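A single chain comes next, written as structure tokens; it is the form predicted alone.
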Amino acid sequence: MLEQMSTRVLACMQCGKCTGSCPESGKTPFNIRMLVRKKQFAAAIAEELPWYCTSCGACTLRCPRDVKPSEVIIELRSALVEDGLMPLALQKALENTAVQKNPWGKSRGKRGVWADKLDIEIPHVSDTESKRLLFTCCIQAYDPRCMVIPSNVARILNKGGLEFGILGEEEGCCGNEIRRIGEAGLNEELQEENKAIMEEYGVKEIIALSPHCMNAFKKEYGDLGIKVTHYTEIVADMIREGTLTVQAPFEKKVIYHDPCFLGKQNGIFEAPREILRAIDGLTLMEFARSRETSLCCEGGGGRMFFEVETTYERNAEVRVNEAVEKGAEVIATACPFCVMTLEDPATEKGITVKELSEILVEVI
């Protein structure tokens, strides 16, 4: 892979489309075109620069020569990780993941605690006929703000009559962010462990709650022989087929924020919007930058776990300000990373952030 990347950067013609689409360019020292150029000439690169990348993937999508600049960043980070040159917060996140299989270092034995608080019983995936696994992201398994998401989705799927199971404490980090931080060895270890567990229990389908987990299973685990979807795809199908019906209105102006890993990297734009359009009383609004050009919230690529030193208006603040200007009352999204980054500036502006499942449980 490293040899392929080194060869690929030689194809760069310095058109600047990568930098033009980068959410960090122009307001931070990060310039992906310049980094690729320096990589071409084996020039020195300041060690703090690769950590600004949010792994949104916009540069790779826009590149006309298939240089895959976002992969170049991962290569640069890998070299820094090998030399121990990384932000301390990221080092701690990697250590936590190695020990407890999650970046926060929370007890693996408590990974399935969210399910214990439900009024419905969720079986272990091995005890299901369908072998359909509901996979919980690390953030949703442990963070108090996001723990409601797996609970909500479980209730929604159960109400729609869909059989599914969970892994509980046997579930571990998918490795999506670990790979993007640059720890290839740990990512491989996580993948092998997850593959072994899924093979042991005969998992046939994965419903991922986080776009980041979905992306990893779909694109980075090789041929699993397992169907992988994001929960919004399943719920949109259920509403379309009539197995899940909306019972109550939600009379709010809702603006939808496309997560990078769900939208621009995996092309899932319609399912979340179909769900919102199916709710009576809800006025669906759009950001000026939406779908393929959606503005990254800056939570990906390890940025969820540490703060860069440069002071600037964060994208989450830009996003919230635009929502307020458009007269939206609620910002809806379908990714826990986006919920976490948007929540603070939204609270300051008096606007609510809701993950799609939070709206759904109010109306079904």
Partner chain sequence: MKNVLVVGGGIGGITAALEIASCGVDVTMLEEGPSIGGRMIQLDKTFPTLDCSTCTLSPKMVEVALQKKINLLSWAKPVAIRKNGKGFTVTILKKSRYVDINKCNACGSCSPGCPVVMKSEFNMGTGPRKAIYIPFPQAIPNKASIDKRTDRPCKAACVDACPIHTNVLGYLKHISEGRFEDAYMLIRETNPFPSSCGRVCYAPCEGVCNRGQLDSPLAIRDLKRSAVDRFDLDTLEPPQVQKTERKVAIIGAGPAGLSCAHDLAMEGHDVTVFETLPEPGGMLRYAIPEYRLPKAELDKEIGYIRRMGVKIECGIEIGKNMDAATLKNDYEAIFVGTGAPQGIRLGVEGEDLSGIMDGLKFLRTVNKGESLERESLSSHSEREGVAQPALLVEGATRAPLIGNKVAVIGGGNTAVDCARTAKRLGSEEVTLIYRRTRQEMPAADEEVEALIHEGVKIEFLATPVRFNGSNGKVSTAECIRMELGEPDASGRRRPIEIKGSEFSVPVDTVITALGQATETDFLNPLGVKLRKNGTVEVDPFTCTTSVEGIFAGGDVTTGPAYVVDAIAAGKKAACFIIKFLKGEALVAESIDAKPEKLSEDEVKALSIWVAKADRIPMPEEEINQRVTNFREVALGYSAGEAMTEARRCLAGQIEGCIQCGECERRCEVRAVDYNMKDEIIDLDVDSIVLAPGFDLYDPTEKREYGYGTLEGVITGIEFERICSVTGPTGGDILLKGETPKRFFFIQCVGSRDRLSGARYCSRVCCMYTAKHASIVKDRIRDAEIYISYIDVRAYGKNYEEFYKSTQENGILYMRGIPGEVVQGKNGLLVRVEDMLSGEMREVEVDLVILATGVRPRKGTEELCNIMSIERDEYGFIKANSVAPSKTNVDGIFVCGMGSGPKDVPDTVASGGEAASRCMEYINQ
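None of the values given here were measured: they were computed from a predicted structure. Positions refer to the first chain, counted from 1.
Beyond the structure shown, there is the form predicted in complex with the partner chain, which is absent from this document and is the topic of what follows.
Proximity to the partner chain in the model of the complex, defined as a heavy atom within 4.5 Å, singles out one entry of Lys106, Arg273, Arg289, Lys252, which is Arg289. In short, of 24-32, 302-310, 334-342, 44-52 it is 24-32 that has heavy atoms within 4.5 Å of the partner chain in the model of the complex. In the model of the complex, the partner chain lies farther than 4.5 Å from every heavy atom of Gly350. Contact check for Lys17: a heavy atom falls within 4.5 Å of the partner chain in the model of the complex. Although the partner is absent here, Lys38 lies well away from the partner chain in the model of the complex, with no heavy atom inside 4.5 Å.
Contact annotation: Val320 falls outside 4.5 Å of the partner chain in the model of the complex, judged by heavy atom distances. If you take 73-103 and check each residue for a heavy atom within 4.5 Å of the partner chain in the model of the complex, you get nothing at all.
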